[in-house]
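Taking the form predicted alone, here's one chain by itself in structure tokens.
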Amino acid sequence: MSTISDQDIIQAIKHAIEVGNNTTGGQNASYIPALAQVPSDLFGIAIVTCEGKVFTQGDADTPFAIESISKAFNLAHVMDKIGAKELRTRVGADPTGEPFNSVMAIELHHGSPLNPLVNAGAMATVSLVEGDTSDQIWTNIIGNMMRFTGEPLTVNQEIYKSETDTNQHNRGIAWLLKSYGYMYNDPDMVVDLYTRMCSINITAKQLAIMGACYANGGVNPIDKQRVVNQENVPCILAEMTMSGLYDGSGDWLYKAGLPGKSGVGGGLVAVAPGKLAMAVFSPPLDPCGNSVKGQAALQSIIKDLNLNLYVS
């Protein structure tokens, strides 16, 4: 395995900032009012290597709502608890071919949420987190996230309230899953926990650390603590490859060749197994819900550092 020098990483980030700044288009998520108010010119990049080296540029320490990226890390907790095979039985592991919040995808597949990275599958996964009360389940959810970052995390209360006020669609999905037998706890409680999970504040630097845990075989490269069983990491990366950027996942993989996960808060993380993870924050999104500048910037880094898994 070839070693990537620190200087190469520094140059790649600088180039990515230039690429991102020259990339226009997109708009903030408008269906969540608080996200629409986030300054659209914020732009930060971070890279964390499997050796624990951290590189940042721009607004990499500015907090933003993790949103759907949280799905890829709550997945690790549940998979460790019940096993990849059981999770696949209860949630699924196939792309829906539909938008991330599609009801039609559920109906077309006999009630199955299909995968844990769309809203239906993510809520089904949350419903599998252990705990007798909402507080106990939340402690397990955020505790898992903090093991990935190695740092304390908090909920953005403004985002949480805004999403709670506008999450009627997700409530409908949760009850639909319940009717088909794919919701494993109280639907209303699960929607609240899911909404809170998506409202966790994160920075691009912290997100790169989280991704680097996957790049490093399930071990946090900063504090050296294992955060997910090694045998589950390939399964999680496979899920990210298939469905990590919603219905834009195929286009992303075609251009980038790495597993990734995006969120409508403007975050995007990509994992180069055995090498590093990179994360970006830029709020304007494409029609699929993926950061416009973020995709361009990370694709630039992937090309400059020769990280595409399909390039020999």
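Quick caveat, the model's predicted, so the values are computed rather than measured. Position 1 is the first residue in the sequence shown; the rest follow in order.
The next section is about a form of this same protein that is not shown, the form predicted together with a small molecule.
Note on the partner interface in the predicted bound form: the residue among A60, L253, V38, I32 having a heavy atom within 4.5 angstroms of the small molecule is I32.
Taken together, the three residues S68, N119 and G263 all lie with some non-hydrogen atom within 4.5 angstroms of the small molecule in the predicted bound form. Contact check for C198: a non-hydrogen atom falls within 4.5 Å of the small molecule in the predicted bound form. The small molecule is not drawn, but in the predicted bound form it has no heavy atom within 4.5 Å of F73. The closest heavy atom approach of Y246 to the small molecule in the predicted bound form falls within 4.5 Å.
Contact between Y194 and the small molecule in the predicted bound form is found at the 4.5 Å heavy atom cutoff. Only one of 124 to 132, 147 to 155, 206 to 214, 162 to 170 places residue heavy atoms within 4.5 angstroms of the small molecule in the predicted bound form, namely 162 to 170.
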